[in-house]
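First, one chain by itself in structure tokens, the form predicted on its own.
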């Protein structure tokens, strides 16, 4: 529920103008919440200059803040110089870094503030799930070689999916866009901590096709894997950027 402290509210209507669900209005000089269409986005609580608004139902607390802006040139350079990593060292990842990666996903925006994205860290089940996926792909590659030429060059070894990386996070969600935004946040956080990241579309496909993997990971029929992050410290160094095709932009 939206709770408004009438003693603090000054009736400025900032919350009303910023409410995407049209759940707020000013009445007799004070903000009033209908609590009927609220999607719990928290904009009203964040924008209130007097701290008069509280949204219940959450364990974490809001904090006073000044919005942090990244250096635009440095951020663009970090995007330009990032590479997908497929070779990792055996160095373990500190738990505080893993927590930061997960928190970056939790804080990602979601459509309609659904917050329906969830995460599975493959730990004890990592090896068995990778082997199930390897067996699936070996069968599929043998069939596909007749149709797609490049598949004949593909070698499916026992570490084809996870590349011996220490951390694998499966990102689940009904809303692909929201889950993808979370994945990008997490990848950026991982790279900020000196880690390399591989988005494993092959393993994600395996999860959605394999009843065995779903059973091992306790995934229900309603749940869908959106992407898989394979994370570890890079065992390689890239010395230059790569080419990209010219941008295609239409102004209508």
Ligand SMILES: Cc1cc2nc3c(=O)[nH]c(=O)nc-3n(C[C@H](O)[C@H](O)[C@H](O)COP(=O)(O)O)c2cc1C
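Residue numbers count along the first chain shown, from 1. These numbers come from a predicted model, not from an experiment.
Same protein, other form: the form predicted in complex with the ligand, not shown, and the subject of what follows.
Chemist: Spell out, yes or no, whether the shortest heavy atom distance between residue 240 and the ligand in the predicted complex is within 4.5 Å.
Modeler: Judged by the heavy-atom cut-off of 4.5 Å, residue 240 is well away from the ligand in the predicted complex.
Chemist: Find out whether any non-hydrogen atom of residue 206 is located within 4.5 angstroms of the ligand in the predicted complex, and reply yes or no.
Modeler: Taking the distances in the predicted complex, the answer for residue 206 is no, it never comes within 4.5 Å of the ligand.
Chemist: Would residue 84 sit within 4.5 Å of the ligand in the predicted complex, counting heavy atoms only?
Modeler: The answer is yes: residue 84 has a heavy atom within 4.5 Å of the ligand.
Chemist: Can you tell me if residue 58 lies within 4.5 angstroms of the ligand in the predicted complex, counting non-hydrogen atoms only?
Modeler: No, no contact at 4.5 Å.
Chemist: Could you spot which one of 201, 42, 49, 194 gets a heavy atom to within 4.5 Å of the ligand in the predicted complex?
Modeler: Checked against the cut-off, the match is 201.
Chemist: Name the stretch: of 84 to 92, 123 to 131, 170 to 178, 105 to 113, exactly one has residues whose heavy atoms fall within 4.5 Å of the ligand in the predicted complex.
Modeler: Of the stretches listed, the one contacting the partner is 84 to 92.
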